[in-house]
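The chain that follows stands alone, in the form predicted alone, written as structure tokens.
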Amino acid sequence: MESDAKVIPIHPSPYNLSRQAAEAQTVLDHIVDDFSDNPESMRYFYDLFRRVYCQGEELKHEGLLVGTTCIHAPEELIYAFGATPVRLCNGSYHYDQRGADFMPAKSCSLVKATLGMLNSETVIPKIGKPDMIVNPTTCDQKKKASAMMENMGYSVYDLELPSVKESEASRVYWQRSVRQFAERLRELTGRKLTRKNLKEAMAKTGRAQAAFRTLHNFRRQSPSLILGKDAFLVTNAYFFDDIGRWTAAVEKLNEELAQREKAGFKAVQSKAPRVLFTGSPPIFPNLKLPLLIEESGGVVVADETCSANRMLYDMTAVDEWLVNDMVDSLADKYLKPCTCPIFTRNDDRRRRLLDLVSSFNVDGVVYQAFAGCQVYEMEYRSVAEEFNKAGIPLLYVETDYSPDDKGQLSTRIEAFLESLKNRRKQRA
């Protein structure tokens, strides 16, 4: 006898009800609703993250899609070949947990989350499958990630980076690596690299860098014109947004900040401690530490991270406008000024940090190191010694993407900011 029972098909839940959407929504609501006097021009970025991270809107792109896992991948070359670069580094705790299923427990949260995203059925930002992923050989965990990404079905190109940057041999080695990358892009796209298309690509990124530098300089103002949480959101949007729209939105934001400066506007109290943020990069939605700093009455006025300042600050200097010379100049830009801790020496990074402290009138430094991120953990001591000699207070925070330590971190940050206020009173 046939059963009268009906089979009810199971439909997947819409993305906006998923865990990763809820995580992004919670952070974005906090950024937008729990802080007053947000710049009107930030609406573009708030809406962008809401559409992409909270609603799962698909991102359109021109030409082939080239995923990158690090700022060392020369995006100008990708644009010159008619492709679109997108930074794959991920800040989601949901994807961190997905990555923990097949990664060692003590792995860096950033690497776990990035691989967890790539191994997920729902990849957010929704960019589609990259035609190629370029993976610069920086830290050991990212080096080993290449084979894992290939096993997931991705085409991966290892961009070989030297361990030192001071010698001429390392410079030549890196220039050769970048030229080989250009050749791989030619094979991928079937297009030729010309002086014209490379110059156009450099102009496109140059305009974006100029807009960022203007924003960067507005952050020098005391009291601050804009909070660090908004500055980090702006630079995180550069990972995946159309570069032309991103640049126009930043230029509009800069116009508003110029008006704020003229009107004597204050985004924070005059006595708010000014903080320099450095170490492992804050990547949306993991803006946990910058948000805790500004919830507690401080303001992040500058940073030295690969998700913000270091990503867009350095410009390309070209001596001869010939293709080979332009490619070599790009290679120099991505190597010489870089202050990444993966290099054997970190003298340039210590100098850069001290310069930022001085030029941004910083009261103290917060150094974030993700648990399992050996390069930042190992470098901390030498950086701390440099700050100690200069009499600059430093708070070292080892954390990960988990929200479980927010209460403990909040207590530590509040105590650190209070010490900065007391120190300022004593000096006055």
Partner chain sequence: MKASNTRLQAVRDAVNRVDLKNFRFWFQIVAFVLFVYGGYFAIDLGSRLPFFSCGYNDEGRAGICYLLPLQHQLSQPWPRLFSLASIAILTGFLTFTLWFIVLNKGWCGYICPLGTIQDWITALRRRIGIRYSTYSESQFEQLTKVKYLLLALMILIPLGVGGGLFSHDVSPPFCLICPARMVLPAFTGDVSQFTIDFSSKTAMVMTALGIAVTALFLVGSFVRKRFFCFFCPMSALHYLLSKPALLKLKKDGNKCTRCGDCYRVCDMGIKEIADDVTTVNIMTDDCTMCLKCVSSCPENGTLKATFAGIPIFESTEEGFIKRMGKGLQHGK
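Treat the numbers as computed from the prediction; the structure is a model and nothing was measured. Positions refer to the first chain, counted from 1.
Just so it is clear, the following notes concern the form predicted in complex with its partner chain, a form of the same protein that is not shown.
By the criterion of a heavy atom within 4.5 Å, Asn254 is excluded from the residues contacting its partner chain in the model of the complex. At the 4.5 Å threshold, heavy atoms of Asp230 stay clear of its partner chain in the model of the complex, well away from it. Taking the partner from the other structure, its partner chain in the model of the complex has no heavy atom within 4.5 Å of any heavy atom of Gln269. Proximity of Tyr313 to its partner chain in the model of the complex falls within the 4.5 Å heavy atom cutoff.
Of the listed positions (Arg351, Arg245, Lys126, Arg191), a single one reaches within 4.5 angstroms of its partner chain by any non-hydrogen atom in the model of the complex, namely Arg351. Think of it this way: in the model of the complex, its partner chain has a heavy atom of just one of Ala182, Ala237, Met202, Cys89 within 4.5 Å, and the residue is Met202.
Partner contacts here mean any heavy atom within 4.5 Å of its partner chain in the model of the complex, and among 140-148, 77-85, 193-201, 279-287 they occur only in 193-201. Residues of 306-333 lying near its partner chain in the model of the complex, listed in sequence order, are Tyr313, Asp314, Met315, Thr316, Ala317, Val318, Asp319, Glu320, Trp321, Leu322, Asn324, Asp325, Asp328, Ser329, Asp332, the criterion being any heavy atom within 4.5 Å.
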